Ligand SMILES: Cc1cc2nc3c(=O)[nH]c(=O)nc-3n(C[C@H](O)[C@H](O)[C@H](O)COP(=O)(O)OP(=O)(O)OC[C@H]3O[C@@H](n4cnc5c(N)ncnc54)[C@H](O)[C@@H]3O)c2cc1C
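Okay, here we've got a single chain as structure tokens, the form predicted alone, with questions on binding and movement later.
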């Protein structure tokens, strides 16, 4: 970003994380841009496209903030910002296709004549040069990393740690529709420090069956060794498996996300290698801007994978270099840590809901990481990363109100362990939401024991245990005066964790109603009060779609 003042034309693409925060690779640059000493950008032309999900309250917040900051620094916007939405019919591509169609003319309108010839308009009939080359080695060469670690995706070495799985216990009843696990890890070396509210990153791997199916489909030999290299000697940010001998089997098992859901470009690329004319035509349509709705229905709604789409187009034989180029690395899955080092510094625990569901066409789907975790036995050693989470505890003398339906309870278990190990702690209030006390009341005995000891004010909402539905927001409304007084008079910090679909907004509506009824606020004043709480970190959300 320090060189931004020397640029004349920049296109920004950014996502939003946490509570309207920048992604990890943008945090440093964003802090710099917010400084008063950051130079003016009167000579810069720009446009911004946001990667967002409207199920989150802070939809595309960073794209909006970046756009406004650039305007504030004097830069000129050449194209109205685009706000992609993963919840849209057609997904992110719906808005992206429209935005891209306007981007090229906008760029050319401000680009010097000498540069216009360099603009590539992505002709659909022309296959662009590969970004990497894959060299098949004449003889196998041993690679010490093959099959030895799940650390392929993880960040810098100082952030990763070796752990051993101590126990892997189902904590929902066998009759409950979802398998939720309480998993305990112990550190194999000197325990690093982490805080309540932090997250752990865990790398899943593909199953042998899926890898073998892919190799059979593409006629690749599992035992062949290859070396992947970037074209043109690029030495920047490349996957860890680049420039090292590795077997094709290990490349597909440990590194490539073959069970991920493809984007539109995948189909455009496959069309260049289709021998059957009907398949070629269908792939070209899926890869086109006009086909975004149909490809979203075919691929995203049904959660089809790279492997499955290859099965649907048997006439396509994609070269390994092109496959490696377009199939991304397996990404880390982040889990809230549900334990505090105040109880045991040598361990950490996570609370994992095993992802299993059926698509609109009744296809059974299983989450790559959670299904893999569910099968791991005690004694399994893994490499994990510790990362700062999006929520933080206040000082011990500040009351806290926690709202955690389902597995959203995980970080609050850590909060309570931390607070109960401290002295002179203010009130802890917890709202727990599950379907049934008998089937999925996660950590219920622990919380009830804390309540009996006077360390917790516990309010439960078991939605299916009575004829009428009861949710966490119902219980908040029942405790409206207490909660409103804690927020305003007690300066409490409020936390909401769980599914982002409806619950966070419903809970905030209950909070607004409590403030109106018991703190003599108008609807506008209550809404503004919660907005200020968010800005000052007194209202913190940890939600996911």
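Not measured: the values here are computed from a predicted model. Residue numbers count along the first chain shown, from 1.
Another form, the form predicted together with this ligand, is not on view; read the next lines as being about it.
Only one of 457, 339, 385, 370 lies close to this ligand in the model of the complex, with a heavy atom inside 4.5 Å, and it is 370. Put simply, of 292, 255, 335, 323 only one has a heavy atom within 4.5 Å of this ligand in the model of the complex, and it is 335. Of the heavy atoms in residue 239, none are within 4.5 Å of this ligand in the model of the complex. Mapping the unseen interface onto this chain, residue 355 counts among the residues with a heavy atom inside 4.5 Å of this ligand in the model of the complex. Within 4.5 Å of any heavy atom of this ligand in the model of the complex lies no heavy atom of residue 170. The shortest heavy atom separation between residue 270 and this ligand in the model of the complex exceeds 4.5 Å.
Highlighted residues 439, 469 and 479: none comes within 4.5 Å of this ligand in the model of the complex, counting any heavy atom. With this ligand omitted here, the record of contacts in the model of the complex names 403 to 411 of 75 to 83, 403 to 411, 215 to 223, 304 to 312, defined by a heavy atom within 4.5 Å. For the partner-free chain shown, 542, 544 of 513 to 545 come within 4.5 angstroms of this ligand in the model of the complex, judged by any non-hydrogen atom.
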